[in-house]
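The data below hold one chain only, encoded as structure tokens and taken in the form predicted alone.
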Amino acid sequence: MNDLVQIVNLTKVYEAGRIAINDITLNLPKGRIIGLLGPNGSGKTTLIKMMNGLLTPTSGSIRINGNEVGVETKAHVAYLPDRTYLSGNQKISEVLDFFCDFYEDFDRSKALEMLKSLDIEPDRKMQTLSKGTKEKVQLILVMSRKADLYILDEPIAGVDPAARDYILRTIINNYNPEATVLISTHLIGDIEQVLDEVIFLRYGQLVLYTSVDHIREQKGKSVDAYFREVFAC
């Protein structure tokens, strides 16, 4: 079986009956970089949180490597949230220690190599770092794992263009080729060159799941231009 993720009739309804994800069925193959795209309120973050076990579906199921989302899958999923979570008085090296203890697949030497390439000293304390530097450190932590599924929620938001280039290179050069990378972003034009496939969501519903090549060849448009056409933005 070449599918890494199997999503079947997935629905999430919040309080007051608001439907965030509406009966989505979707299979994600191994070895792809996939863009998760949609306007604000389309359900992207809700879907991501369910894939990480942070939210429970109202109905339907998600399987990763054949296992229902839960304890078994957490060891195989590397997750970058859309908000900075590293802070406080810890040194970067101490955060690396924590990741080494918590994740068997964490490669400390790879993390140190990436930190060095950005001139980020491991003995710096998290509270002294700028927001952009903290985001780079978080990405390094995620991409230093040998995961089966990398889920990156807005990895290039809020950083300068040079940092975006570094982040994209880091994603391409450091993920396991047998793994899948799922990237949620609003900055489609900046990231579409690394994507193999795209998912379009609107109002919690699946609008489109196709390859980037199909859009370019059959529609004669970039992913960004076709997204704007579909969503009239």
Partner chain sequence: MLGKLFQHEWKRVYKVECLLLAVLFVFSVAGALMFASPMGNLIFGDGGRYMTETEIFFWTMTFITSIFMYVIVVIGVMYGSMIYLGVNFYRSMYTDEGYLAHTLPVTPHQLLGSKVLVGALWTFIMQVGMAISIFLLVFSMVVAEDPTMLGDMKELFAELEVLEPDTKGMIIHGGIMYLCAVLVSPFASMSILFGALTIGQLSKKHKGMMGILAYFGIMVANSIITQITQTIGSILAMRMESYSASGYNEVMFYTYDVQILITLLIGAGLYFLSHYIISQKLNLN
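Treat the numbers as computed from the prediction; the structure is a model and nothing was measured. Residue numbers count along the first chain shown, from 1.
The protein also exists as the form predicted together with its partner chain; that form is not presented, and the subsequent description refers to it.
Does residue 160 make contact with its partner chain in the model of the complex, using a 4.5 Å heavy atom cut-off?
Answer no; every heavy atom of residue 160 is more than 4.5 Å from its partner chain in the model of the complex.
Can you work out whether residue 131 and its partner chain are in contact in the model of the complex, taking contact to mean some heavy atom pair no more than 4.5 Å apart?
Residue 131 lies outside the contact set for its partner chain.
Find out whether any non-hydrogen atom of residue 81 is located within 4.5 angstroms of its partner chain in the model of the complex, and reply yes or no.
Residue 81 belongs to the contact set for its partner chain.
Report yes if any heavy atom of residue 118 sits within 4.5 Å of a heavy atom of its partner chain in the model of the complex; otherwise report no.
No, residue 118 is distant from the partner.
Please tell me which of 56, 61, 173, 27 lies within 4.5 Å of its partner chain in the model of the complex, judged by heavy atoms.
Only one listed residue qualifies here, and that residue is 56.
From the list 49, 164, 202, 32, which entry has a heavy atom within 4.5 Å of its partner chain in the model of the complex?
The option sitting close enough to the partner is 49.
Can you tell me which residues in 99-114 come within 4.5 angstroms of its partner chain in the model of the complex, by heavy atoms?
99, 101, 102, 103 sit within 4.5 Å of the partner.
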